[in-house]
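For reference, the chain that follows is the form predicted on its own, supplied as structure tokens.
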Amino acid sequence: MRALTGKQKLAWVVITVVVFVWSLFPVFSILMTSFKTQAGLFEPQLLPPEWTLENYESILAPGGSAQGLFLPALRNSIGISLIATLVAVVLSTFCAYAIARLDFSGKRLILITSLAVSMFPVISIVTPLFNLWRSIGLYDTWLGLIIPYLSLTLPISIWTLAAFFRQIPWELEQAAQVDGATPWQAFRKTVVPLAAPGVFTTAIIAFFIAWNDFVYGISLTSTSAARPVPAALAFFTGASQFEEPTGAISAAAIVVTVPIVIVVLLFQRRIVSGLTQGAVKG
């Protein structure tokens, strides 16, 4: 492979910096807005003319104007997203293993169907799902969100893990069975450890999908019992009917975004490793 020249390296550095700034500028703008006073929101400048923590106090401090909305929603988002991710990863692991290892008719149809489900517009099924959930008692419950979230997380999980399982040598599992392991033991002790990077990557992607959902969260909940953060932000109110809670919404957005950014930065090598290994054609 030919080494890059000095001009090519400089060009790649410039492109990287431009993409980096372009991607992070909206987050930086929201961060600065979260530190502005209500009067400072109308100032035509990026940095706050007067720094304040009142927006964070309103969503986190006891007695804050939005604390009763944000903290329960944050708890709901964490719990619902983690459970949906766990269920999706477990189910997709077995499904992807069967697709990659077993020879049966219809497995291509399963992959196509899962892809079609992921492409189906969510808004078109919210109304029927709303009526069904109201009838069977799942409306405004954790389970009522976890089940729809699986329709978002399972397809991408199946596709990612199926590609990854195809890269694991079949001979390793056969050798374990020759040594006396049952098919389940060979799967659990041989295949799963080798698939750990792919499973980890899939779990992170599935969690992000569940964490960022707005349509199901706003449509299938009515109280703080199960309402997630993206939906709760729509219910923030200002001190009066004429005041927009822009600062509080920005502070809440930063609180729920920063942990995700930290997770990606900490595990970016695992994420890239899992995606690239699954993308190599065996």
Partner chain sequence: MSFQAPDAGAAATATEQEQQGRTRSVTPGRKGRRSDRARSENRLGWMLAGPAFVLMLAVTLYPILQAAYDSLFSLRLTVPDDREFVGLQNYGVVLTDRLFWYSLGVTLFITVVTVLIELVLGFLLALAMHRAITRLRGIVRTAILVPYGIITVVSAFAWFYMFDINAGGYMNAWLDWIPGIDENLNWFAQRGTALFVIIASEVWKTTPFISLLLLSGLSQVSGDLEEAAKVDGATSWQVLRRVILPNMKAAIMVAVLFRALDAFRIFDNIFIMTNGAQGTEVLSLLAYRTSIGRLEIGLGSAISVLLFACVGILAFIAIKGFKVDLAGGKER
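Rigid core (definition): largest C-alpha set, two forms, superposition within 1.5 Å. The structure displayed is predicted, hence computed values, not measured ones. Positions refer to the first chain, counted from 1.
The same protein also exists as the form predicted in complex with the partner chain; that form is not shown, yet it is the one meant from here on.
(message) Considering non-hydrogen atoms and a 4.5 Å limit, does the partner chain approach residue 200 in the predicted bound form?
(response) Residue 200 lies outside the contact set for the partner chain.
(message) Quick check on residue 132: any heavy atom within 4.5 Å of the partner chain in the predicted bound form?
(response) Yes, residue 132 lies within 4.5 Å of the partner chain in the predicted bound form.
(message) With the partner left out here, check for me: in the predicted bound form, does some heavy atom of residue 193 sit within 4.5 Å of the partner chain?
(response) Because no heavy atom of residue 193 falls inside 4.5 Å of the partner chain in the predicted bound form, the answer is no.
(message) If we define contact as a non-hydrogen atom of the residue within 4.5 angstroms of the partner, is residue 42 a contact of the partner chain in the predicted bound form?
(response) Flag for residue 42 set to yes.
(message) Please identify the residue among 76, 85, 93, 160 with any heavy atom within 4.5 Å of the partner chain in the predicted bound form.
(response) It is 93 that has a heavy atom within 4.5 Å of the partner.
(request) Taking the partner chain as it sits in the predicted bound form, which residues of 210-226 have a non-hydrogen atom within 4.5 Å of it? Please list them. (result) Heavy-atom contacts within 4.5 Å come from 211, 212, 214, 215, 218, 219.
(message) Quick check: residue 74 between this form and the one not shown - does its CA shift reach 2 Å or more after fitting the rigid core?
(response) Shift of 2 Å or more: no.
(message) Quick check on residue 177: with the core superposed, does its CA move 2 angstroms or more between this form and the one not shown?
(response) Residue 177 C-alpha, core-superposed: shift of 2 Å or more.
(message) Once you overlay the rigid core, does the Cα of residue 12 travel 2 Å or further between this form and the one not shown?
(response) Yes, its C-alpha moves 2 Å or more.
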